[in-house]
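Given as structure tokens, the chain that follows is alone and in the form predicted on its own.
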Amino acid sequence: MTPLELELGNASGRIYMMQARKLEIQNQIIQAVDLVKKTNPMAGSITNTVTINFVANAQIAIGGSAAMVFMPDEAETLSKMGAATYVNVGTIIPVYDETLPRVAETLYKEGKPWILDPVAVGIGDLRERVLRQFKFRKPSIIRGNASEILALAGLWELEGGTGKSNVRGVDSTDSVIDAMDAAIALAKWTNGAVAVSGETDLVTDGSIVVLSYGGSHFMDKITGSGCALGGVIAIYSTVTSPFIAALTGTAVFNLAGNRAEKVSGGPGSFQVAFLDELYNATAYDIANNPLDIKEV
């Protein structure tokens, strides 16, 4: 066999392996979506006070059950009762200095999946102190925009992270691809998954990277689309692996966003249509939302 033939053979083998992996991922997504709709699992949420309603409605729309808390004792109890927990640090209040570390410790000891949304990481001492503590309580899934992922990796002193935060309030000033190395490092550290939201979304388990396409420009015009995504990922994490949960949530958001934009006249009607599309999305359609797989 000539070198060229060998190279072509290797390339063909890689393509086959990627196609097989894609089919495997799609089948796992279908199983996760169907199981959530069948079992109505509960994921508790400690989330941004601006977006509580949207997060809860999105969780319910995909077939899950929502419960929102912020007091330390209630949050600890819920973290034991629920199958997973979503922790969003978007609006930090003084009681969170006790609530968030206490919940993270409980989840870590219970071995239950939990999703961290490091909103506005780098803004304020309390937020930074809490997020530093989370490093060794290893969330199952981290979801954020590119600037948040870069800043969190930097805060945790991991490869690819930045020494300062480039978030503008809750908005990103970095591209998703810029955050890929940081996302991979975070996924490897936690032995979980990381979802980076942007124009094209990125999901990784540290060994492969998946790019998920779709969504809508209206998502930047409403409050809480990222928070709602974190809550939806938490629901899926009750029935499947961190990687598949993160990818399933990302895929259904991209699918629903794309469909909702086509029937919307602006941000207000988009938000209503988006919840409808989350509710109506089939497992097959979610699994077949466009994606690309890349080797790390």
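Keep in mind that what you see is a predicted model, and the values were worked out from it rather than measured. For every residue, the number given is its place in the sequence shown, counted from 1.
Another form, the form predicted in complex with another copy of the chain, is not on view; read the next lines as being about it.
Novice: Name the residue from Ala32, Cys227, Leu255, Ala61 that puts a heavy atom within 4.5 Å of another copy of the chain in the predicted bound form.
Specialist: Of the listed residues, the single hit is Ala61.
Novice: Which listed residue (Gly90, Gly154, Gly198, Gly206) meets the criterion of a heavy atom within 4.5 Å of another copy of the chain in the predicted bound form?
Specialist: Looking at Gly90, Gly154, Gly198, Gly206 one by one, just Gly90 meets the 4.5 Å heavy-atom criterion.
Novice: Spot the stretch among 227-235, 53-61, 241-249, 22-30 with residues whose non-hydrogen atoms come within 4.5 Å of another copy of the chain in the predicted bound form.
Specialist: Every other range fails; the passing one is 53-61.
Novice: Would Gln133 count as touching another copy of the chain in the predicted bound form under a 4.5 Å heavy atom rule?
Specialist: Gln133: no contact with another copy of the chain in the predicted bound form.
Novice: Does Thr77 reach another copy of the chain in the predicted bound form if we count a contact as any heavy atom within 4.5 Å?
Specialist: Yes, Thr77 is a contact residue.
Novice: Please check if Tyr284 has a heavy atom lying within 4.5 Å of any heavy atom of another copy of the chain in the predicted bound form.
Specialist: Contact with another copy of the chain, no.
Novice: Answer with yes or no whether Pro94 is in contact with another copy of the chain in the predicted bound form, where contact means some heavy atom within 4.5 Å.
Specialist: Answer yes; at least one heavy atom of Pro94 falls within 4.5 Å of another copy of the chain in the predicted bound form.
Novice: Since the partner isn't included here, can you check whether another copy of the chain sits close to all of Met81, Gly124 and Lys221 in the predicted bound form (heavy atom within 4.5 Å for each)?
Specialist: Heavy-atom distance to another copy of the chain in the predicted bound form: all three under 4.5 Å.
Novice: Using a 4.5 Å heavy atom cutoff, which residues in 248-280 contact another copy of the chain in the predicted bound form? It's fine if the answer is none.
Specialist: The stretch touches the partner through Gly265, Gly266, Pro267, Gly268, Ser269, Gln271, Val272, Leu275, Asp276, Tyr279, Asn280.
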